[in-house]
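Take a look at this single chain in structure tokens; it is the form predicted on its own.
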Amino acid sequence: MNFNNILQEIEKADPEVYEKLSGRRHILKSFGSKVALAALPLALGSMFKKAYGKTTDSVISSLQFALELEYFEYNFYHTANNTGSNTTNTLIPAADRAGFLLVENEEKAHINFLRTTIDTLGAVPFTPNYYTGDPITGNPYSPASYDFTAHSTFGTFSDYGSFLDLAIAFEDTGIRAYQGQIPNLLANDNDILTQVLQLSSVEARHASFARLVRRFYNTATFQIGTKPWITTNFPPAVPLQPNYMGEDNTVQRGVDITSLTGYTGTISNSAATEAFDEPMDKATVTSLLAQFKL
């Protein structure tokens, strides 16, 4: 990255940029030697936010909501990965542990990124109820904040199949939640939009992984043909049906996908529903996850 070139391009786009930054030109010119490359986006974002004030309350709200979801998922996986004392009685079988440890670590990375970004934008990052750590740098594990059994409704950490069902539902719901926040970002901040879409794509990989693991575990209770993505509004378990309402939609931007011709003929209803993640609004997501929070 040639930092001077970046500054020159910014100046071309807005010759008055340095006046808006109140004489910070000499600071910007020395950024390349004083700030680590990985920190440049956040450092610049903070400075230009002061100059232009582009970050709106809706953007902050969307990032806070994403952080809330990431706390939820991290605590779910961290608890599962630490259930049991050795490889003979852990909840997660040895063959699957590496995958779910990776998921846990990625959820933690998402938390750290979102906390830092929200702090840089001048807001206090979300923390769960009963969280006692530092909202920016503290350990995100907060067992007092959640009851992932939903008051003993689910055998979440005593039955591997139940854990997988919830993992699928939480990830699928999280993806829909991210999709529901995209309109708040489209007209405000392309850089943040890009980052949020990248987070969403990682969550989609988490969902696919959990679905593939569940597909081949105890197939008597889960259809072997279930795919790594949602088909119609089929839930991993009946009690989780509300998380999938609306996923059987086949109309996108006014076009009925089943009326289109695909590679082997008219696109089927199942294929039409599989091609899109349906957005879910914050209120609905919050209500679905409320039973798992304290």
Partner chain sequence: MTVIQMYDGPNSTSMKLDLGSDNEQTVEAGVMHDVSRRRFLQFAGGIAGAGLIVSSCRKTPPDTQFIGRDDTALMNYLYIVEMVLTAFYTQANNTQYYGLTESELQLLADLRDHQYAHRELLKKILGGNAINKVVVDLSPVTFADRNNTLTNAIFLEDLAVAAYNGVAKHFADTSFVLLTAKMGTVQARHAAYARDILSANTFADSTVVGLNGLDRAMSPQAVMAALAPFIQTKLDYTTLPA
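Positions refer to the first chain, counted from 1. No experiment lies behind these values; they were computed from the predicted model shown.
Although not depicted, the form predicted together with the partner chain is the subject of the following passage.
Residue heavy atoms within 4.5 Å of the partner chain in the model of the complex occur in exactly one stretch of 190-198, 74-82, 145-153, 132-140, and that stretch is 190-198. Taking the partner from the other structure, the partner chain in the model of the complex has no heavy atom within 4.5 Å of any heavy atom of residue 60. Contact between residue 124 and the partner chain in the model of the complex is not found at the 4.5 Å heavy atom cutoff. Residue 204 belongs to the set of residues with a heavy atom inside 4.5 Å of the partner chain in the model of the complex. Proximity of residue 96 to the partner chain in the model of the complex falls within the 4.5 Å heavy atom cutoff. Interface residue among 56, 64, 232, 252 relative to the partner chain in the model of the complex, by the heavy atom within 4.5 Å criterion: 252.
Site residues 159, 165 and 290 are none of them in contact with the partner chain in the model of the complex, judged by any heavy atom within 4.5 Å. Taking the partner chain as it sits in the model of the complex, the stretch 202-216 comes within 4.5 angstroms of it through a non-hydrogen atom at 202, 204, 205, 206, 207, 208, 209, 211, 212, 215, 216.
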